[in-house]
Every structure is written in C-alpha cells, then in structure tokens.
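One chain follows as structure tokens, the form predicted on its own.
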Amino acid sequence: MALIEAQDLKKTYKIGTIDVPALKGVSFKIEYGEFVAIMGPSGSGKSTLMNLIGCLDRPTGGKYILDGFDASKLSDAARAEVRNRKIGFVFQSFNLLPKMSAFKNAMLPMMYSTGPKDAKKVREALKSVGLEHRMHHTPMQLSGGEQQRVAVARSLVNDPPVVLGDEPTGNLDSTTGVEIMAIFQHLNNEGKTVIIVTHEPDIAQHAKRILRFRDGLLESDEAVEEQLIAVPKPKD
C-alpha cells in the first residue's frame, strides 16, 4: 500500500458564477520513504495539490488516500486530526509565534493533539536540527535559518509519516537553503517521507523524484538521475 495515492484528483474553485479548475484529474502514488519535489509555474496547480496532500482542503472530485485513510470526504474536524497526526508542515515564512521560545514553538503540534505532551521528544527534535543550545530563544533572537530549523523540529514532534515543505528555502539565502536541504535529506535517509513544493530547479534536484505540473495536469513524473547531496559549508 502506498503512503499517498491520488486517484483522478480534481479541484475546482468557484469565483462568482465562474468555475475555475485548478486540478483537472491527476493520479499518482508516493511510497513510504520517498523524497519527492513538486514543481510547476504559477497557476500549474502545485499549491492546490499541496493543500490537498496536507488535508488543508478537500477535493471536488476523485480520491485522496493518505496512509490507508480516504481523506477525500472527511469532515473539517477529522481532517484537522489527520493533519496533526500524519503530516508535519514546514512553511516558507516559518510561521513561528514571536513571543514563544523555540522550545514552545516546536511543542505546538503536541498542544493541539490528544496525545501526551512529551518535553523529551521536543528536545530531541530540536537537537536533531542542531538547536539544542538555542531552544529558549525567541524567533527574534534567531537567524532565518535557525527559525526554519525550529519549524522543521516542530514538524517532527508528533512523529508524522510525512514531512511537507511549502517552498521551505524560499526566504533563505542559498547557503542556508543548502543547510535546510541537508536536514531534509537526513530525515529521508532515516525513513521519513519528504515532499517539498518548490519553483527552484536546484532545490528540486535534492529530491529523488520530481512531479511537474502545468495547467492543472501532471506533466511528468521522473526520477532524479543525479541527486544533489546537500553539504553545508563549515561555520567560520
């Protein structure tokens, strides 16, 4: 069984009296442990697809199967529960709460979960991204790269099967972007399924497979022949 399966997935938005199709029927599978980049120009449907994969929205046609669950017709409350347990999100703009420490920001998914609030798991997640010495700092005391590391740690605390990155390097310089991709590759090597949405070809080359979208359709699905291995530059 695949971790993710899209079956003739469609999404149409209604603007006034006009129907605007964003996804026109796409089908694909993502297996456990893959590292997939989703690419496409503006208006291609990649952001719509990310919202469906992340259970942030509901398709208007077709099916979306996530880890054995048909997420296509779940209620809003049920989708929120699936999001919290199955998907770790990393956003372009970090989305950290400014008055909370890195530790408390990373712990947030646990606060919205019915499971135990395990401080040890939070510390381990921050340690895994190299921030164990900065966990009591607020976002204003952290660099952009450090803030994104907190966001990655936050995505891991509930141990979801999927880590989903929406332009995760978009607000970072190229050197810091490589550092974040190194973390994603490490997570993938440890067995996490990683899916990133990006418009940057060099970032996509860090994945092992690229899905390219255009005009709401899946244009190509190809393995990355020469995966770029992210090697962070040593600190001065």
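From 1 onward, residues are counted along the sequence shown. Bear in mind the structure is a predicted one, so any value in this text is a computation, not a measurement.
What comes next is about the form predicted in complex with a small molecule, which is not displayed.
For this chain shown on its own, do Ile15, Ser42 and Lys46 all sit within 4.5 Å of the small molecule in the model of the complex, going by heavy atoms?
All three within 4.5 Å in the model of the complex.
Heavy atom of Val20 within 4.5 Å of the small molecule in the model of the complex
Because a heavy atom of Val20 falls inside 4.5 Å of the small molecule in the model of the complex, the answer is yes.
Which one of these stretches, 174-182, 29-37, 61-69, 46-54, sits within 4.5 Å of the small molecule in the model of the complex when only heavy atoms are counted?
Only one stretch qualifies here: 46-54.
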